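Only one chain is shown below, in structure tokens, and it's the form predicted on its own.
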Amino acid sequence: MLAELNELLGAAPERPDAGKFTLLRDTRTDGSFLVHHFLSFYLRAGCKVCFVALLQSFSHYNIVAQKLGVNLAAAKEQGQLVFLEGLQSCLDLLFGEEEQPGQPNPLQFVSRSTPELRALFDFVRVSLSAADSWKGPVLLVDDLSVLLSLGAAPVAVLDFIHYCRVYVCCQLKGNVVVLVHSNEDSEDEENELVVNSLCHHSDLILWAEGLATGFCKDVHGQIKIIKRLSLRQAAEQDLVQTYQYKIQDRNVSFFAPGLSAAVL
């Protein structure tokens, strides 16, 4: 959990938000540090977390989480964390691993002629339906762009997120956090369609961008924090704050543009 980012967002694990859809967006950089932050944040907050991990293995996330003071293996054993390892699910489909009765592969669309994400949504719904003694449920997806790469249509991806928002945010009063890659100069129109649609429906956008001037060892990128006030009240304008950041081994430091420690 990144304490400085919590301060910028006005968040605390003792009082997690409810009913919020947060979009993590990265351009010309790797925004995975934001995924690790929200994963550790909600686990520390005592929330039931369903983590759809499409990009890395469980061991990768667990190693980073331990640096942030969270043990994912213990959270799984206690039933607080439901972890879908997308890489393993795809291998099971490609190499003909038989499905367990009553437990369809959540990524079965990969081997279907008409890809749809109903099985993935059912996995999320079942995982979060019984929150037991945990606080509000949370869905975390890393990252949504992979679904497009696996053959899912943009409409199917947007439908999946819509149903997840309605179920988790509206019905269960939980939270949804999604990472998506974007490149405004890219010719990938399908990905940009998904990104723009998600931005329109987000309560909060954290947009990590690489520096326009290129690599710098003391400043790794900049992040825009966009609070979508207009989503709640049409007359309001969105609040946009811009910071630069530097990723360290166990932390990320944030500072106003041009005010890094190296410059001062």
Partner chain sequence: MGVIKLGQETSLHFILPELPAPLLNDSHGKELGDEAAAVKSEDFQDSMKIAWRYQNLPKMEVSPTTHTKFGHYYDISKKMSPELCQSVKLHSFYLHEELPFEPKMKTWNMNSGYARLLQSIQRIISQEGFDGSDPQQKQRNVLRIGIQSLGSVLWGDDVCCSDTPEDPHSLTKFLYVLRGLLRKSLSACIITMPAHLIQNKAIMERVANLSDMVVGLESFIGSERETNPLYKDYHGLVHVHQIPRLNSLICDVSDTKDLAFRLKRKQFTIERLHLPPDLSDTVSRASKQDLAGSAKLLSSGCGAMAIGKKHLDF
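All values derive from a computational prediction rather than experimental measurement. Positions refer to the first chain, counted from 1.
Form predicted together with its partner chain: not shown, discussed below.
Novice: Its partner chain isn't shown here, but in the predicted bound form which of Leu148, Leu140, Ala75, Leu172 has a heavy atom within 4.5 Å of it?
Specialist: Checking each option against its partner chain in the predicted bound form, the one that comes within 4.5 Å is Leu148.
Novice: Using a 4.5 Å cut on heavy atoms, which of Ser197, Ser230, Gln66, Ser59 is close to its partner chain in the predicted bound form?
Specialist: It is Ser59 that has a heavy atom within 4.5 Å of the partner.
Novice: At 4.5 Å by heavy atoms, is each residue in Leu91, Ser111 and Phe215 next to its partner chain in the predicted bound form?
Specialist: Yes.
Novice: Give a yes or no for Asn251: in the predicted bound form, does one of its heavy atoms lie within 4.5 Å of a heavy atom belonging to its partner chain?
Specialist: So Asn251 counts as contacting its partner chain.
Novice: Looking in the predicted bound form, any heavy atom of Ser129 within 4.5 Å of its partner chain?
Specialist: Looking in the predicted bound form, residue contacts with its partner chain do not include Ser129, since no heavy atom lies within 4.5 Å.
Novice: Verify the contact flag for Gln222: yes if a non-hydrogen atom of it lies within 4.5 Å of a non-hydrogen atom of its partner chain in the predicted bound form, no if not.
Specialist: Although its partner chain is absent here, Gln222 would stay clear of it in the predicted bound form, with no heavy atoms inside 4.5 Å.
Novice: Using the partner position in the predicted bound form, report whether Glu190 sits within 4.5 Å of its partner chain, counting heavy atoms only.
Specialist: Answer yes; at least one heavy atom of Glu190 falls within 4.5 Å of its partner chain in the predicted bound form.
Novice: Please determine, with the chain shown alone, which of 132-140, 117-125, 83-91, 159-167 has non-hydrogen atoms within 4.5 Å of its partner chain in the predicted bound form.
Specialist: Going through the listed ranges, the match is 83-91.
Novice: Does any residue in 160-175 get within 4.5 Å of its partner chain in the predicted bound form, counting heavy atoms only, and if so which ones?
Specialist: Going through 160-175 in order - heavy atoms within 4.5 Å of its partner chain in the predicted bound form - there are no hits.
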